[in-house]
Ligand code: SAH
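First comes one chain, alone, set out as structure tokens in the form predicted on its own.
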Amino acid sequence: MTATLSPLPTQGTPAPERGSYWITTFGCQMNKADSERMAGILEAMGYRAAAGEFEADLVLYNTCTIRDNAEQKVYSYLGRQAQRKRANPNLTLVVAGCVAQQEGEALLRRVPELDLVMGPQHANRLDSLLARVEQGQQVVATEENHILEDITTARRDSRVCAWVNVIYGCNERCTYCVVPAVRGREQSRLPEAIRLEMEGLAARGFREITLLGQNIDAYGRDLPGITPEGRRQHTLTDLLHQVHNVEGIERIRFATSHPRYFTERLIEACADLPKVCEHFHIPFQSGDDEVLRAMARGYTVERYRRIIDRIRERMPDAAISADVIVAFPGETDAQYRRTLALIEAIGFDQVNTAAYSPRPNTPAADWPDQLPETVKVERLQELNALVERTARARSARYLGRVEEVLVEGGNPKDPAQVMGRTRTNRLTFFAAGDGRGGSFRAGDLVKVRIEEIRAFSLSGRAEPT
């Protein structure tokens, strides 16, 4: 997945003009949040958002290495910009994110036109690193770094929904995953800092917050403090209670969860706290216990199913999304079929699917029982078809219902419509007119009667008020 940041108005006293910038983001929500922080830094430095990638004076690729195809796409983009820089030496070319962390100085050997290579732990140091570039240095910043609290303001890509990082890094050692190597050890932010950021966002008109972590259920386990009952003082459950009453914030989400750490106490908090949305993203990765052991995931299929059963017992309408990998080394057809069976049995609202992709410096990449590409393609195609059927079946429950939708903006494909999401995270479209001569605006909470369903989105009409 790639995304670009579109121009938004800057705030405060403008810095001296430095030229224009363009950021392309590959990969996960964490990368999107990092890109918003880096855009805020660039605008504070005096850069303005460019109208296009090939018109910018500074181009930054915030990269993802979790899949080989995402990594290769980065090199394709870099090749075009390297050619451009040879004709325009004043162009500043930056690679940030996970590919930068993984490759380090090797990136400079492959693309000598680069000015700055920086890992994700250095996102909030972009200004000081660019200062070194302006002095004529070619800079590589991939050393382990303590992530300090930001003193800059992120340039948010939305005016309604915002990401708030609560924990960086990951201490897990899943045998297929490169994330711990490129994002470093877990570093939790203090709850007071998280709440302060949310209060600032509420003051600027944001209505929905997604708390982010690579493994968000691990939040707080690196922070000191034990309660009188003998449990950790800082957990995701405690954090939800601490930030729930931030005035102006109407919805709270969190991602990404790990089944090993997803607790009964967390489920109870989500059911009891009205602002916490009934949507849970809990990757299961495989429907076979032997494959899960080989992945070093630390739970069984039965444990995963108990979590989902308990969520639905407390919140019957909750939406469940997940991640899954097929064609993991040594996965038999029978084991793959168990994954399909789990998807059918649970009935997911959405599943992010991937065929296994060997990543550098991960144990599974060196295992001898790699599956051929033909098997990967066949399994992924069958899996995707099942996921779409399941999602469509889950969408059917909305037909005729009235859902609360938070308007995020206009439908880019139809100017007569606005778009937003239900509490369960279903994308929903409806007419922009409010029936009284006005129109709905970003940030409005609207009751919408659902009249049309699709696998991953809905359409309807606003109920009269």
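The numbering used is simple: start at 1 and walk along the sequence shown. Here the structure is a predicted model, which is why all the values come from computation and not from measurement.
Beyond what is shown, the protein has a form predicted together with the ligand; the following relates to that form.
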If we take heavy atoms and a 4.5 Å cut-off, which stretch out of 381 to 389, 310 to 318, 240 to 248, 283 to 291 is in contact with the ligand in the model of the complex? 283 to 291
Hey, in the model of the complex, does residue 67 get a heavy atom within 4.5 angstroms of the ligand? yes
Could you confirm whether residue 357 comes within 4.5 Å of the ligand in the model of the complex, counting heavy atoms only? yes
Any non-hydrogen atom of residue 165 within 4.5 angstroms of the ligand in the model of the complex: no
Quick one: does residue 270 come within 4.5 Å of the ligand in the model of the complex, counting heavy atoms only? no
What is the one choice in 348, 176, 304, 254 with a heavy atom within 4.5 Å of the ligand in the model of the complex? 176
Heavy atom within 4.5 Å of the ligand in the model of the complex - the one residue of 344, 222, 105, 323 that qualifies: 323
